[in-house]
Structures are given as C-alpha cells and as structure tokens.
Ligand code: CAP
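Take a look at this one chain, the form predicted on its own, written out in structure tokens.
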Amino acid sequence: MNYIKPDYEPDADDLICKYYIEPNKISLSKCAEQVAAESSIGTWTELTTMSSRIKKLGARIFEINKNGIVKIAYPSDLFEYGNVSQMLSGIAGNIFGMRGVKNIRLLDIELPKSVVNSFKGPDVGFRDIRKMTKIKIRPLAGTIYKPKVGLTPNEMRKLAYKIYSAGIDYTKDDENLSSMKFNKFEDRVIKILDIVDKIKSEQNRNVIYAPNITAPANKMLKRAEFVKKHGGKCVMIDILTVGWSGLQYIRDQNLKMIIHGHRAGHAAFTRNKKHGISMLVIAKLARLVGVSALHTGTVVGKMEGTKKEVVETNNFLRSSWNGIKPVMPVASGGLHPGLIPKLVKILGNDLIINCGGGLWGHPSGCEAGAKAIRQAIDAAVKNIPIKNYAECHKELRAAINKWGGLK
C-alpha cells in the first residue's frame, strides 16, 4: 500500500501529526512510509488480510520536505475517543523503536473537533483560578517548600504561615514529596490547610496549597477526597510518572478542584530536539485530559527550554480550543526575584511564578524572600525598572545583591 499522498487535502475529521524524521540507511520517503504504516494499519510486509475497506483507514503522508519534516493525516476512526493512551500507542508508539528510523520526534498534533470534544478538559481553568484568588491581572506569586524533602508537617505549617502572610499566593509540594515516614500526607494537608484558613480570616486573602497526591490511582483519589474534605481547592499530580490514564481517572471524578500538573520526567521525551515528543504535544494532551495549571518552562531559569518553545506552549494553553477551558502556565525552576521582570516580559501576566530556592535562600529569611518576590512582580506589572524599585524595597535589593538581575 502506498501511504504517500502529496495531493491529499486533510479532512476536517483527520488527526494531523507533524514529525521530524531522520532515516537510518534508507530514503526519507521510505522511512516516512514505514512510520505511517506502523502508526496506522500496516506492518513490515504485505498482508493477505488487507481489504479496500481497511485501506481507507491508512495514514496519509501529505507533506515531506528536505529538512526531514513530515506531515501525516490519520482518519479519526483509527482512535478510541476519550483515550489518550490509545492515541499515543499509535502516533507515538512503536515508531520510536523501528530499525529504519535513526531519529524521530513528534513535534505537534492537530486534533479534530470530534476528538477534542470527546474529552472533558479542565474542570477548573485559569480564569477560575483568578476568581478563586481574586487576583485579576498580575501573575500569582508561588513557591515550592524547600528543601525538597525532609521537612516535617509542623515545620511546613510554620513556614506556610510566614510566607503566605508576607504575600505568597500559591504554595506546592515538590514533585518527590508524597507521604514519607517523616512527613505523612494527611498530617501535612491538615496543618497547611489550617494556615490557608487562618490567612483568609486574618487578611481576607484566598491563598492556594497544592499537595502532591501522586500515587497509584485508587490512592490518588483517596488523597484528593481527603484534601477536598478538609477544604482544599487544589491537588498536584506528577502527570507523566502517574501516566495519562491516572491523570484522567482523577479528572473524571469531577471534584471541582484545581489539578496542578507537574511535568517531572518530561525531558526524557522532550529534551533531544531530534527524538521524542515536544513539550507542546504534552501540553495539548494535558489540557485535553484536564489539568488546570501546567509547568511549561521559564526561559530564564535553570530548566532547559527555548523561548520559542515555552512561548508557543503557553500561548496554546491560554488560547480558545473548541470550548476546552484554558490552562494557567506555571514557570518554575531556578527562578529568583531578579529574573521576574524578564520572565513577565517574555511570558506575560497570566502565569504562576514559582520561586523555590529564590525564596528560601534569601539572606534575610523566608519572609523577606516572599516580599522580594511580590516586589519584583509589582515592579514588572507597573513597568518600573527593577533597579529603581529595589532602591526603596530592601528585600528586593538584598535578593538582587545575592543572585543578580539588573542586566
């Protein structure tokens, strides 16, 4: 069967994949055909069971260029609606291990309305997060409790009160904190949500805590229900390590809670620019399944990711998409107050800015670190040079003196 159809006009109901392909000792066109066959109806040889009816389900390669960019259209009948796992088993499954392929990267996917509407998307979107916190314009000031692991619930409770009181809007567990001997999940949740209530009573501010519920699916549900029972509005899930079905299972419970999506492990797929899956694709699937907020990169921090990639991903998450609620991007990884103006200039105001070490490492302590973050955000939103703003804000000045940020 010939899978190359240069004159094919994709149908409105086709799923379209954009790949980068490097062949291994065969031509690019032959390699692309092998990919199209393996990801749809074919295999390595001609089949006696192939019929004209089945051939209509075959993938169609409608664009190949000399730079290795290949576009393939897949009839939507190839996919079980509402099932990301099955979809990826086709378009991003065996193709990564084929001998004829030296490198292959899934760069982008375009999903037809019929497929998009078979998913629920976020239960709580980024506009809902703004309503919850009553923060209308500026980025949300967030942090991750540090050290990553080792703190006790009582220690975290005391720290939570200090940083929320000093202006932090949103706190979260680190990706590898779940329920350990030194820090049991239930104890931690009760203690920090007590502080959330205390801040509401004292300051009339609706702050958010995102406890990490990452675990087997049945345990995640119990943890999410526990959080909700104690008044929590948010849970965090390491979406790639629990898997798409685990994430979808929690979303399908309709808990009316923020699902904070951490992308731990993503670079195993995304970092090699010639092989794997792009962060844009992961973001599209995460929004489809139903995260409310998603880590996407910082451009200026410690995590790898180009400006083009991060901006494109963030713009997609906040865009209109067949009625699927938009998602709040999260910038996290190596951030400190001195980087915030540049970050906001690149990524905009619809953002959660998470400073971990850039808060907890402040030379005057965590309260000063929280204030410095808020001061940097205020300077960015007001378009006041950070150097000028720091002259009359000692916490920001101390942060810049330690980590830089004037250039």
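One rule holds for the numbers: they count along the sequence shown, beginning at 1. These numbers come from a predicted model, not from an experiment.
Only in words, not in the display: the form predicted in complex with this ligand, which the text now covers.
K.L.:
Which one, K284, R223, H295, K71, lies within 4.5 Å of this ligand in the predicted complex by heavy atoms?
P.N.:
The residue in contact is H295.
K.L.:
Find the only residue in G82, P153, G333, P112 having a heavy atom within 4.5 Å of this ligand in the predicted complex.
P.N.:
Answer to the contact question: G333.
K.L.:
Does at least one non-hydrogen atom of D123 fall within 4.5 angstroms of this ligand in the predicted complex?
P.N.:
D123 lies outside the contact set for this ligand.
K.L.:
According to a 4.5 angstroms non-hydrogen atom cut-off, is K256 in contact with this ligand in the predicted complex?
P.N.:
It does not: once this ligand is placed as it appears in the predicted complex, K256 has no heavy atom within 4.5 Å of it.
K.L.:
Would you classify R263 as touching this ligand in the predicted complex, given a 4.5 Å non-hydrogen atom cut-off?
P.N.:
Yes, R263 sits close enough to this ligand in the predicted complex that at least one of its heavy atoms falls within 4.5 Å.
K.L.:
Flag A36 as yes or no: does it have a non-hydrogen atom within 4.5 angstroms of any non-hydrogen atom of this ligand in the predicted complex?
P.N.:
Residue-level check for A36: no, no contact with this ligand.
K.L.:
Taking 4.5 angstroms as the heavy atom distance cut-off, pick the stretch from 174 to 182, 270 to 278, 154 to 162, 82 to 90 that is near this ligand in the predicted complex.
P.N.:
Of the stretches listed, the one contacting the partner is 174 to 182.
K.L.:
Can you list, in sequence order, the residues from 374 to 393 that come within 4.5 Å of this ligand in the predicted complex, counting heavy atoms only?
P.N.:
If the 4.5 Å heavy-atom criterion is applied to this ligand in the predicted complex, 374 to 393 yields nothing.
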